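Shown below, as structure tokens, is a lone chain in the form predicted alone; questions about how it binds or moves come after it.
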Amino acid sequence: MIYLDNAATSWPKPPEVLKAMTDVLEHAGGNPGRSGHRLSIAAARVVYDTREEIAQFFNISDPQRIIFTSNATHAINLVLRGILKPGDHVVISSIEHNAVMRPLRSLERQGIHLTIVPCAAHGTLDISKFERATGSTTKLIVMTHASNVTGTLLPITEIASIAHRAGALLLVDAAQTAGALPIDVPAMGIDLMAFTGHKELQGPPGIGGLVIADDVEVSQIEPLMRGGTGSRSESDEQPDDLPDKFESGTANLAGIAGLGAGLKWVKDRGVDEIRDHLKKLSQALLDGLSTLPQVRIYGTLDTERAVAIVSFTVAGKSVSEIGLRLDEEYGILSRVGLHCAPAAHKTIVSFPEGTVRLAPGVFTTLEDVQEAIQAIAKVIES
């Protein structure tokens, strides 16, 4: 089997991740922050150590500004629901994932004003268009760091400057980039960043987080949920302290332990080394697909301007047929369709059928890519 669906979730997981999850349940299985006994203290230490590792990874000085969530979608909703009020103006790109589009469409019906700036057909963004769409009434700019359909990277640092000149905050969806390329939150001007653990950070499903930059005033963000935090139990009001303000309920201890182990695995290998490996795989996919008849590849076709995602279609063949045959006949796992991003597919003109998406990962080899290209060629021929 050749797994090329790492944009959905990375697989296989490093053995260290599986071991960390088992170990924490065996040896530190208490409820973190809820009791004073040894198992609870051991669990709380795992949670804090992982929070600290993440803060260092993204260059945040205060680990308490790392908020654990169940995934990037949860983190995005926390910000959108916590900041926006009727009358506020939000600006986004036309290639956003439904994790952004759906909550904003809901909030639009409740009175926020939404501007969608169109990207070019290969997913790139015209900065001047974005600047014209942003004004003194803009409260928030939301932007994916990399498209989950084409892999195209968007100019986060430049967008941050536009946001700050307008007095707005920038929320970045880093689901496809956290762990895949270096991210320095303050240097890039990011105010809020949603990330997930189960993709390039090599962690398990069900854990992610929100990074709140050191200079962002957290009083402007209302909690998405309220409840028990293990702190200030004498009060029936939600605490304002971080991270408790945004972390009601029992933490996903095993998920946090797995995320911590995955992050250490990534750091040991080096993000730059991982990035170089993934670029080589992407280039091999682009080179191989470009030689095949009837194939259309979407995106910039430039590995410097994208993460390791390659989407394509074949004239005269449905994407579902291609994906099914690759799986059943050749053991090659891809993802076909609209990838929870219909706006992006409308932008690149692949709606409503979508594309076949190939997303290699850190454990993918060049031999895997060559075998996949040969299999796609056979599917096209027959």
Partner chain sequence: MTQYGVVLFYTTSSVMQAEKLLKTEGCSIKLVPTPRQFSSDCGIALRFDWDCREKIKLVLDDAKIEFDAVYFLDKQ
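Residue numbers count along the first chain shown, from 1. Predicted model, so just to flag it, every value in this text is computed and none were measured.
We do not show the form predicted in complex with its partner chain, though everything after this point is about it.
The partner is absent here, but in the model of the complex a heavy atom of S233, alone among Q220, S233, S290, S128, sits within 4.5 Å of its partner chain. For the options D276, D268, D214, D241, the residue carrying a heavy atom within 4.5 angstroms of its partner chain in the model of the complex is D241.
Stretch 223 to 231 is the contacting one of 223 to 231, 204 to 212, 70 to 78, 159 to 167, since its residues have non-hydrogen atoms within 4.5 Å of its partner chain in the model of the complex. Its partner chain is not shown here, but in the model of the complex it comes within 4.5 Å of a heavy atom of R45. At least one heavy atom of S35 is located within 4.5 Å of its partner chain in the model of the complex. Under a 4.5 angstroms non-hydrogen atom cutoff, its partner chain in the model of the complex lacks A315 among its neighbouring residues. Using a 4.5 Å cutoff between non-hydrogen atoms, R51 counts as a contact of its partner chain in the model of the complex.
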